[in-house]
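Shown here is one chain on its own, the form predicted on its own, set out as structure tokens.
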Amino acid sequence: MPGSLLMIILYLAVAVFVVGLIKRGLKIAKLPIHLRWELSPVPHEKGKASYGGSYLEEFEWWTKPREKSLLNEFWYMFLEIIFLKGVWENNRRMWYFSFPFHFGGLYLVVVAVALFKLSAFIGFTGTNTSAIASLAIGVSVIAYGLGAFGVIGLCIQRLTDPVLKPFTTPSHIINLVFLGSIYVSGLAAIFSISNYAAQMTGFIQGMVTFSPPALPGIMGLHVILASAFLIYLPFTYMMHFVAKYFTYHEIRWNDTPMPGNDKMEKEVGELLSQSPTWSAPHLKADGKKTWVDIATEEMDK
């Protein structure tokens, strides 16, 4: 498959992904302030999160200084992102497939790509990088194998589990099959091409010098599938990894007191001054009364 064509497709895919990622991130960041959960414990509360406490238990808490532990917050995020702690605690059956899917099919794939890039860039100096390339191959096999296992398991669960089935949409299955095709094509390329590492390293070097070599058919297909997925990703719910940051830091963990926070007070005040038009009879919303009016007037029992 022509290397120049693959180069154009891959550069285009990366550009679309980066632009889409930034656009979705900014869109979420600009959304109105969310109703905070204010649940305890919050990992960054120093000295209180360990026993499930909160500064809210203290008298006139808003007047007292608070200590935060970024280390505790980082550790919680590490366990959640790498080991899917929340899935382990709340849906153990799903974790057995979701963990290999995420850890292998996503995280280890990134590691493998990084190793191939490292091998390619060091190769420009004339240094022998066979050891790095071999490591990249090993990581790739593990990553694609775990990813494929996770895809198969998640597809079966979503199609048969009485709890998951009602919430499974065609897009869930399409996304899993799409990713599965990348893993399978990657494994097929590795085991069918004897000099896969050299081919991949040479292609990456060619991407830098704008003169990539042609790739064998199955390897070219693998690159095209991966590129197509990068283009597709920003327009799907799989961008939840961006939304998750805001869900945790702005909703679950945002415990900043409003008194003395001019920016927050202004934003909340603007939202409370809006006039809802909901048809729920208990609100008596007529499009004129504000949220403050509705919240402070006596409701019919």
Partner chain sequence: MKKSQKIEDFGKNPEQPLTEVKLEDLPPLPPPYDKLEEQPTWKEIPEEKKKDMACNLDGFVGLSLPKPASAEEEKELVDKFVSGLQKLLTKENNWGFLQPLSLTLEYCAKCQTCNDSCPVYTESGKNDVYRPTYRAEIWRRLVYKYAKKSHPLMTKFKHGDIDLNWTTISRLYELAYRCTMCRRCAQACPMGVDNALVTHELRKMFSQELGWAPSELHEKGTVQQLKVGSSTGMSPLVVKDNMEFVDEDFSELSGLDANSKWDVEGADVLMLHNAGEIMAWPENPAAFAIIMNAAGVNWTLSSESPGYDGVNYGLFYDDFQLARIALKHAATAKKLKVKKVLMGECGHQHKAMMTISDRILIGDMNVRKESCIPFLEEIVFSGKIKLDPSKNDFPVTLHDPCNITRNLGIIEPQRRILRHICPQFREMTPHGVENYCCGGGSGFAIMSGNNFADWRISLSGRKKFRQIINAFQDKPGPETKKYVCAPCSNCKGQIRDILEYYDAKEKSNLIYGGLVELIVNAMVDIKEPFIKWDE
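If you superpose the two forms and keep the largest set of C-alpha atoms that fall within 1.5 Å, you have the rigid core. Positions refer to the first chain, counted from 1. All values reported here derive from a predicted model rather than from experimental measurement.
Omitted from view is the form predicted together with the partner chain, to which the following refers.
- In plain terms, the part of the chain that comes close to the partner chain in the predicted bound form, with a heavy atom within 4.5 Å, is 158-166 out of 206-214, 178-186, 221-229, 158-166.
- Though the partner is left out of this view, residue 170 does reach within 4.5 Å of the partner chain in the predicted bound form, counting heavy atoms only.
- Within 4.5 Å of any heavy atom of the partner chain in the predicted bound form lies no heavy atom of residue 44.
- At least one heavy atom of residue 80 is located within 4.5 Å of the partner chain in the predicted bound form.
- Of the heavy atoms in residue 68, none are within 4.5 Å of the partner chain in the predicted bound form.
- A heavy atom within 4.5 Å of the partner chain in the predicted bound form is found for exactly one of 87, 137, 106, 113: 87.
- Annotation for 54-82: interface residues with the partner chain in the predicted bound form are 54, 56, 57, 58, 59, 60, 61, 62, 80 [heavy atom within 4.5 Å].
- In the core-superposed comparison between this form and the one not shown, the C-alpha atom of residue 278 has shifted by at least 2 angstroms.
- Residue displacement note: residue 236 has its CA displaced by under 2 Å between this form and the one not shown (rigid core superposed).
- Relative to the superposed rigid core, the position of the CA of residue 269 differs between this form and the one not shown by 2 Å or more.
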